[in-house]
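Read the single chain below, which is given as structure tokens and is the form predicted on its own.
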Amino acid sequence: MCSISPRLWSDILVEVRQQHPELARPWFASLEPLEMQHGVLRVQTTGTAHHAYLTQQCQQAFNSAAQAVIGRLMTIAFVPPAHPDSERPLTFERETDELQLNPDYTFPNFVTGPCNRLAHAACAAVADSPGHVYNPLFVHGNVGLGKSHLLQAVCHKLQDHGQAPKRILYLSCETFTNHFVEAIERGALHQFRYRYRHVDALVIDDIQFLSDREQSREEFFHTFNTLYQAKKQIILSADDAPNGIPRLEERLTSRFNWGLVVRIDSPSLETRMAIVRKKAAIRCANLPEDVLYHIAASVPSNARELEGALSKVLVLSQQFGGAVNLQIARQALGDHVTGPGRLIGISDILDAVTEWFQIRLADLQGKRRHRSIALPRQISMYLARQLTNLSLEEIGGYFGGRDHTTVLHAVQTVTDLQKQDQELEHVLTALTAKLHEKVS
């Protein structure tokens, strides 16, 4: 009696998948080889349905694969599970009623702005009166804009409500599908339907993944109807509006539109700064205003990435005694991070500087050397050098045909001044943030 190496067993599975792709199943990876004796390799299965499928459909395929890999006559013996499926608790029954929620995803910790104010108000109203207003509630928007935060905030508030305890299910679309597949395999559809159709609130994240699963769509359709008729609250989120989800039947699309469909847009610069300030406060970190500017400008669209950027800054600051300043933020995030939008152009810089200093473009590009004009001109050249790919000669061409030495002098002057002048540092940070905002 001897054991088989993991490498050999992996090769056998690869051989089965290559020679018999129609038989291969993702759960083959859960099979466990036990021991090999007298040309027989015993393999432990994880469920009675899996054991039946392997012995009835895959025996010859596994035998041939084992012989091809090991190089001699072999037989695979599939061992049934020690505890039959009828004795093993179902996943969706084994899980406790305690919701798996992020403790930080509450309404007080959600930063509102023009991009998400309607979605926030709708979720708050649903939490106050579930099943009576905005049912179903459908929240959509790009990744990382706060959909999961709002959905979990509703669950938190429903849990904390002073009335009778609420039966709430919060889960991802993937989990719903996995539970449904398990119910089919183990003949437990009755238990599955009881679990999902006897709740006060069903909250499902990323419902767009339902479009790829026909049987799951059918089951969810009937679950939706049951809960809706019973005036139970349904809250869904997706990356796109119901009409924009591919391969979603019209009957589901129309039902998703029965209640209220709200969109979350990308946050503005001011909202992003408020998000960073809120996330920093949760971590008991106090950030200077210029650092808030820099982090918000570095991540132009995704609130989740803002939190990641903040983490980078705080981790690096620990190496310098915990103090956070602009230099540390730049080192952590990179000095010139731009978003996925178009590149910053020289015209963007000229517009931003003339608006900030309230001067004419003709003066900026002219010959006047008064400080009220000369410093904004130098700042424009500095920003052009930092934020564009233009050469010194090309930058000089936009300022009345000045040569590259003039541009180089302007860049060096601003670089030296900002080390001594905090007001100038603030101006540069604010202008950079506005430029990133414009092109995001």
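Keep in mind that what you see is a predicted model, and the values were worked out from it rather than measured. From 1 onward, residues are counted along the sequence shown.
Absent from the display: the form predicted together with adenosine-5'-diphosphate (ADP). The rest refers to it.
task: Find the only residue in Ser129, Thr253, Asn142, Asn225 having a heavy atom within 4.5 Å of adenosine-5'-diphosphate (ADP) in the predicted complex.
output: When adenosine-5'-diphosphate (ADP) is considered in the predicted complex, the option within 4.5 Å is Asn142.
- request: Could you check which residue among Lys279, His179, Lys232, Lys312 gets a heavy atom within 4.5 Å of adenosine-5'-diphosphate (ADP) in the predicted complex?
  value: It is Lys279 that has a heavy atom within 4.5 Å of the partner.
- request: Would you check, heavy atoms only and a 4.5 Å threshold, whether Phe110 touches adenosine-5'-diphosphate (ADP) in the predicted complex?
  value: Within the cut-off, so yes.
- prompt: With the cut-off set at 4.5 Å between non-hydrogen atoms, does Asp200 touch adenosine-5'-diphosphate (ADP) in the predicted complex?
  reply: Judged by the heavy-atom cut-off of 4.5 Å, Asp200 is well away from adenosine-5'-diphosphate (ADP) in the predicted complex.
query: With the partner left out of view, is Asn116 within 4.5 angstroms of adenosine-5'-diphosphate (ADP) in the predicted complex by any non-hydrogen atom?
result: Yes, contact at 4.5 Å.
task: Examine Glu219 and determine whether its closest non-hydrogen atom to adenosine-5'-diphosphate (ADP) in the predicted complex is within 4.5 angstroms.
output: It does not: once adenosine-5'-diphosphate (ADP) is placed as it appears in the predicted complex, Glu219 has no heavy atom within 4.5 Å of it.
field: Region of this chain that lies against adenosine-5'-diphosphate (ADP) in the predicted complex, out of 287-295, 325-333, 181-189, 302-310 [heavy atom, 4.5 Å]
entry: Among the listed stretches, the partner-contacting one is 302-310.
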